[in-house]
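Quick heads-up: the C-alpha cells below are two forms of one chain, split into structure 1 and structure 2.
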Structure 1
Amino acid sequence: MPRHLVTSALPYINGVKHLGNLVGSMLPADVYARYLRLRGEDVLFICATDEHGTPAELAALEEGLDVAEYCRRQHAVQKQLGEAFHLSWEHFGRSSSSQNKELTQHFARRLDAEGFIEERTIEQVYSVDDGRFLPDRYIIGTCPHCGYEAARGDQCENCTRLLDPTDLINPRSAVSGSTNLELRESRHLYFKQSLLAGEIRDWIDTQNDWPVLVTSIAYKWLDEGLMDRGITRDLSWGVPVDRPGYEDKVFYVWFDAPIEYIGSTKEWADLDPERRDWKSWWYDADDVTYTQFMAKDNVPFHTVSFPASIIGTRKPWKLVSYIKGFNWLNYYGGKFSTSRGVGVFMNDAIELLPADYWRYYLMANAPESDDSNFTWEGFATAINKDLADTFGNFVNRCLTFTRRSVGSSVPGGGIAGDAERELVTELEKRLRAYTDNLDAKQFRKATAELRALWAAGNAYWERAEPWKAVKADPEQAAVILRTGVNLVRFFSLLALPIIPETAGDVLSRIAPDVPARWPTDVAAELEALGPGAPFEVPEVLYRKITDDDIEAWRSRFGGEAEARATD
C-alpha cells in the first residue's frame, strides 16, 4: 500500500506560536493527515520543535534558565498547545534529541565523504563581554547610509539597505549593549552546495504541480547562484561536531533542523521498536509520498538547502514529493508581533474558544494565494454564519425535531423519492469537488465546499418540510427524518479533518458503531443509519460570537491602530 509521510515546518522553540504559524504549517498538515487517514491511507505525520541557535540561547538567558532546561519546558508547552488544537502528529519530537544528533553527524560525514565539505577560516564579530560570537542581526549601530542609530548588522530597518556588520558606525552588542567587540577568526565547515546547483535545478524542473510561490522562490536562489554555506557555529548549544579541532563547535541550526524530520521519525520508532520502522519511511522509500507544509520563509530551506543535504549524500534518502507553501496571515493589515503584543497566540486562542472555532476559521481563510488578514469581525462571521448557523443549527434542527416527532431512534418506513434523489445528485457533485480540493491541498476552497454541502442539507430540509409531513403523511416523514439524521452523520464525517472535536462528538452520539471512512457512495451513506438506530442529541455545538466579544478581544489583543503603528 502506498504510504504518506506528512511533515509540518518545525516551530522554533522560542515562545508560543501565533495563529499565523499555526495556519502556515501545522494546521494544514494536520487537516491533510486526517483526511488521508479517513481515506484509509497509511499516514505518518511528523513534527518537532526546532531548538538550536542563538535566539534560543538568548531567550533562555533572559529567563535565567539553562538553555537545555528552557527548551525542555518550551517543548512541553508547545506540545501541550498542539494537542489542545488537536494536531494529530504521530510524533512531536525535538531537534535536540540524540536521534537527531546521530543523523546530523551522519549526514555531515556522508557529505564529507562525497567531497562536499571543506574547512574555511572566516572572521566573525565576537563580543568579549557577552562571551559569544554575534550573528549579524545581533549587532546594532548607526547606519552609514541614513544615520539611523539602531540599524541591525544585516539590514537597516529605517532605509532598508542591506548591511554588513562591519559597515556599522559605533557597533554594539544587541544582547548587552557592549561596544567591546572584535573580529575573531574561526574555522568552520562549509557545505559546497554550489556543486549541486545543477542537480537541484533539474529536480525542481520536474515539479510541475508545485505552487508557483514555491518554485519561484527556489528558482530565485538558483538563478542568483547557489552559494556554499557554513554548517558549523561557535556555540555550545547544538549538535556537537564530531571532528578533531571542532570540539567547541556545533552544527549550524539550518543544517540540523530539517534533518530532525528524520530524527523525529526515529524518536517515534524508538518508542516502540518492535512495531515501528523509521528507516523504511526515509530510505529507499519509493512507495512513500512525502508532503511538506510550511510558510514562505521556510521555502528556500526545503527547496534548496535540505534537498542539497540529501542529494549530496549520494544515498537514496527520501526527497520531498510535494511542498505546500503558505503566505502570511496578518493582523488587521499589520504583522503579528510577539514583542509588541499584537495578534493572537495559541495559548490565548485556546483560552477564549475551543480549537474547532480556530481551525475552521483558519482553513476557510488560509493565506494560499496571497497574504490574508485576520480580523475579529471576519472571525465572528465565519463562526456565526458557517459553524453555528449552517452546520450547528442543521445538526440541532434535524435531531431535536426527529426526537420530538418519533423518539430517539431512526424511523423506518417510506421510500426515498425525487427529493432524495435530487439531494444525492447534488451531494455527489459537491463531495467530488470537496475531495478534489483536499487532494490538491486547496484548503480554502475545500472549506467553502464543505460549507456548501451543509447548506445543501438545509435546503433539502426546507424543500421536504418534515414539520408538515409529520402531520399529513407519516411514511413520507419517516423518509425525511431518516435522511436528515443520516445527513448529520454524513456532514460530520466530512468535517472530521477540519473540526475533529465537534464532528467527532456528533458522530459518537449518533453513529458510535459505524466506522468513520471517507464516503464514496453518497446514496449508501444516507442509509448508513437504518431504522431503529438510536441517537443522542448533542448540546448546541457552537456558541455565537457577539459584538461585545469582538470589542473586548480587539482591545485586549490590539486593533488596527497598534498593528499598523510601527510598520
Structure 2
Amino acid sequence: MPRHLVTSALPYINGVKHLGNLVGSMLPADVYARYLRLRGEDVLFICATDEHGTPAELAALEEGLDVAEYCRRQHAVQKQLGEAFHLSWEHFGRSSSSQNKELTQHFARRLDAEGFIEERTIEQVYSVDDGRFLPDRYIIGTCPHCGYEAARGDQCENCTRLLDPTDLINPRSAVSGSTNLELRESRHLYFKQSLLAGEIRDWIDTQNDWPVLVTSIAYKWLDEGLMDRGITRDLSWGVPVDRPGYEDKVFYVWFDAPIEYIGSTKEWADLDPERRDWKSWWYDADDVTYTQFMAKDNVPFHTVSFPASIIGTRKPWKLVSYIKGFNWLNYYGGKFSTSRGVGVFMNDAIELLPADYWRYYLMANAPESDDSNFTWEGFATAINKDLADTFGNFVNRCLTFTRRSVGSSVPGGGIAGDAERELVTELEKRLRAYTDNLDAKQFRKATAELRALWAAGNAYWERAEPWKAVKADPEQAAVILRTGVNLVRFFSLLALPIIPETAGDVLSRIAPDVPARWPTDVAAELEALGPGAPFEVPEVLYRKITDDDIEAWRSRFGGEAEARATD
C-alpha cells in the first residue's frame, strides 16, 4: 500500500508564530494530511521546532533564561498552539533531540567519507566588545543587493539572497549592537555542495509537476552558481561537531534543521518501537510519497542544500517527491511585526475566535500564485458570507425545519425526482473539482469549490421550498427533508480537512455511527442516512463579525497605516 510522508517547515523556536507562518506551511500540510487520511491513505505527518542557531540564543538572552530551558518552554507553547489550531501531527518533535544529534553527526560523517567535507581557515567577524566570534546570524546590517537595513549575515529575508557577513553594509552585533567588529581567523568545516550542482540540477529537471515558484527559486540558486557552505559555527548551543579540534563548535542550524524531519520521525518511532519503524519511511522507501510544505524563503534550502546533503551520502535516503511553496501573507500590505505589535499571532487569534474561523479564511486566501493580504474587512466578509450564511445557515435551517416538521429523525417516503437528480449532477461536478484541487494541493481553489458545494445545497433548498411541500405534498416533503439532512452530512464530511472542529461536531450529531471517509458516489451519499436515522440540531455554528469587532481589532492589532510602517 502506498504511504504518504508529509512535513511542514520547522517553525523557529523564538516566539509565537503569526498567521503568515501558519498558512505558509503548517496549516496546508494539515489540510492535506487530513484529506489523505479520509481517502484511506497511510499518512505520517511530521513537524518539529527548529531550536538551534542564533534566534534561540538571542531570544533566551533577552528573557534571561538558559537556552535549553527557553527552548523547552517555547516548544511546549508552540505544541499547545498547534493543537489548538487542530494541527494533526503524528509527532511534533525538537531539533535539539538526541535523535537529531545522532543523525546530523551521521550525515556529516557520510559526507566526509564521500569527499564532500573540507576544513577551511576563514576570516570571521569578531566582536571586540562582546569578546566572541559572531556567527552570521549574529550580525545585522544593510543588504548590498536590495538595501534592506535589517539583513542577517547569512541571508536577506527581504530579497532572499544568500549573504556572507562581510557582504553587509554598516554591520553591527546582534548581541550588543556594537560596531566594534574585526576579522579574525577561525577554522570551520565546509560542505562542498558545488560538486553536486550538476546532480541537483538533473534532479530538479525531472520535477515537472512542481510549482513554478519552487523550481524558479531552485534554478535561480543553481544559475548563480552553487557555493560551498560552511556547516559549523562558533556556538555552544547546537549539535556538537564530533571531530577533534572542533570541541567548541556546533553544526550550522541550516545543516541540522532539515535532518530533524528524519529525527522527528525517529522520535515518533522511539515512543513505540514495537509497532513503528522510522527507517522504513526514510531509507529505501520507494513506496513513500514525500510532500513538503513551506514558505518561499525556505525553498532554497529544501530544493538544493538538503537534497545535496542526502545525495552526497551516496545512500538511499528519501528525497522529497513534491514541494508546495507559498508566497507571503501580508498584513494590510505590510509585514507582521512582533516588536511593533502589528498583525495577528496564533495565541491572539485563538483567544479571539475558534480555530475553524482562521483555518477557513487562511485556506480561502492562501498565498499560492502571489502574495496575499490579511485585512479584518476581508476576514469578516469570508466568515459572514461563507461560514455563517452559506454553510452554517444551511446546517441550522435544514435541521431545524426538519425537526419542527417531522421530528428529530430522517423521514421516509417519497421518491427522488428531477430536482434531486439535477442536484446530484451538479454536486458530482463540484466534488470532482474539489477533489482534484486537493490532490493538486491547490488550496485556494479547493476552498472555493467547497463553498460552491455549500451554495448548491442552499440553492436546492430554496428551489424545493420544503415549507410549501409539507403542507401540499407530504411525500415530496419527505424527499426534500431527507435530502437536506444528508446534504448536511455530505457537506460536513467534505469540510473535515479545512474546518475539522465544526464539521466533526455536526457529524457527531447527525451520523455518529457512520464512518467518516471521502465520498465518491454523491447519489449514495444523499441516501446514507435512511428513514428513522436520528439527528440533533447543533447550536448556531458561527457568530458573525460585526463592524464593532473590526474596529476593535484594528485598534488592537494595527491597521493599514501601522502595517505600512513596518516595511
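Computed from a predicted model, the values in this text were never measured in an experiment. Between two forms, the rigid core is the largest collection of C-alphas that superpose within 1.5 Å. Reference numbering: structure 1, starting with residue 1.
> Just flag whichever of structures 1 and 2 is the form predicted on its own.
Answer 2, the form predicted on its own.
> Based on which rigid part the C-alphas fit better between the two structures, which of R184, R403, P144, N373 occupies a hinge?
Comparing the two forms, the hinge falls at R184.
> Treating the chain as two rigid parts, state the angle between the two structures by which the smaller one turns with respect to the larger, in whole degrees.
The rotation of the smaller rigid part against the larger one between the two structures is 32 degrees.
> How much does the C-alpha of G131 shift between the two structures, in angstrom, given a rigid core superposition?
Value for G131 between the two structures: 3.8 Å of C-alpha shift.
> Can you give the CA shift of A150 between the two structures, in Å, with the two forms fit on their core?
Reported C-alpha shift between the two structures: 8.7 Å at A150.
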